[in-house]
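Just the one chain here, laid out as C-alpha cells, in the form predicted alone.
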Amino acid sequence: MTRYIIKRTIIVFLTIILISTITFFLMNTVPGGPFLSEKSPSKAVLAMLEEKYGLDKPLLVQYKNYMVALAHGDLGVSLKKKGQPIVAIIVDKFPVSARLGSVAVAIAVIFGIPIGCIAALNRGKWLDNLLMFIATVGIAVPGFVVATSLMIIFGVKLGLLPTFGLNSPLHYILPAFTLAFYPMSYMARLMRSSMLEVLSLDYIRTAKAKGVSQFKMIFKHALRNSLIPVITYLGPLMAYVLTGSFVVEKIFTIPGLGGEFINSITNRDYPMIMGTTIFLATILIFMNFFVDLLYKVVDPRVTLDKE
C-alpha cells in the first residue's frame, strides 16, 4: 500500500505539470489578448501593461517564470480584477461551487444506487422499464435543457422554488437536481447492470439454495460487490459536477468558481484560466486517487501494490 501511494503521488505531480504545460501553450495560441477590447489602450499603455505582468517576455521565459511561481504555490494575479491574487479568488468562490456540487453528488448517490437495485430486482417488469426510461432521459437530455425546464415549471409557472442565487436551502433544489440528474441516471443504469451480473454468480445461487433471506443476500452479499463499478464512476462524477456546474451556475446566477472561469475565458484573463484549470484538474486527479484507495475498503481482495 505504501509503495502504491508513493508511486501514485509521483504520477499526480507529473500529471499536474503536464496539464499546466499544455494549458499554458494552448492558451497562448488563442488570438487576442487580455488588454484588447472595443476600447483598446494605446500602444504605449499596452506596452506598459504587458511589461507589468511579464507578457512582453518570450513565451518560454513566461512559461519558466510561471512554473517556478507555481512550484511555490503562487498562481499569479488576475489581469481583469486589479491584480487580485488567483488563490484569493479561488478561496472565495470555490466553497460556493463545492457546496452545490456536494449536494448534487449526495442526490446522485442516494437516489441512483437504490433506483438501480430496484430495477435489477424487478427485471423485465413495468417498474424496471419505467425506471430505466427515466434514466435514459436523464442521460440523453443536456443539462441546460433540464435547468431551463425546471426554472420554467417550478420557478415561473408554479412559483414554488427560487431560480437564482443560493441564499437559502430552497435555492439549492433546482441547480442541485439539475447537476445530479445525469449522474444519478447513469449510476442507476450502471448499478442495475452490475447487480444483475452479481445476482447471476454461483455464490448468490448457493446462498439462495441455503435459504438465506433475500434482504441479507442483497445487502450483505450482492450489494457490496455491485458497488465496484459505481465507485469507479465516483472520480469522473466529481469532474462532471465541477465542470458541469459552470453552465448551471451561469443559468441560475450562482456566484461560484464556474462563473469566474467562464468570464476569464471571455476576457482572456490568462492567469485566471491557468489557475482555475490547474486547481480543478488537481481536484479531479486526487479524487481518482481516493477512489482507487476506496477499492481496498469495499473489496479487501484488491491488491494495490501490484499495479
Partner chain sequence: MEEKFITKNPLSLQLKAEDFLPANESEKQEMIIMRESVTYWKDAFGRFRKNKLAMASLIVIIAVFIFAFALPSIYPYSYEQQVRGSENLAPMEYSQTELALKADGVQVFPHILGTDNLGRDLMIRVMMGSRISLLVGVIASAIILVIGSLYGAISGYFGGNLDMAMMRLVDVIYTVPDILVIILLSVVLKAPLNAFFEHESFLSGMSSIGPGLISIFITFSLLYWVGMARIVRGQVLIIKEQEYITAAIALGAKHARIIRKHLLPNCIGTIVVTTTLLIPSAIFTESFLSFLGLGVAAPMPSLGSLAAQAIGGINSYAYRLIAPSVAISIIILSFNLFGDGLRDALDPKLKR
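Residue numbers count along the first chain shown, from 1. It should be emphasised that the depicted structure is a prediction, and the values quoted were computed from it without experimental measurement.
Omitted here: the form predicted in complex with its partner chain. The next part is about that form.
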Response to the item:
Note: its partner chain not shown here; in the model of the complex, the stretch from 225 to 233, 88 to 96, 107 to 115, 132 to 140 having heavy atoms within 4.5 Å of it is 132 to 140
Worksheet item: According to a 4.5 angstroms non-hydrogen atom cut-off, is Met151 in contact with its partner chain in the model of the complex?
Response: yes
Discussion item. Quick check on Lys250: any heavy atom within 4.5 Å of its partner chain in the model of the complex?
Written reply: yes
Discussion item. In the model of the complex, is there a heavy atom of its partner chain that lies within 4.5 Å of any heavy atom of Leu257, even though the partner is absent here?
Written reply: no
Practice prompt. Answer for Ile19 alone: is it within 4.5 Å of its partner chain in the model of the complex, judged on heavy atom distances?
Written response: yes
Response to the item:
Heavy atom within 4.5 Å of its partner chain in the model of the complex, from candidates Ala71, Leu160, Val145, Leu127, belongs to Val145
Practice prompt. Give a yes or no on whether every one of Thr23, Val30 and Arg189 sits within 4.5 angstroms of its partner chain in the model of the complex by heavy atom.
Written response: yes
Item to complete: Heavy atoms within 4.5 Å of its partner chain in the model of the complex is the criterion; list the residues of 80 to 113 that meet it.
Response: none
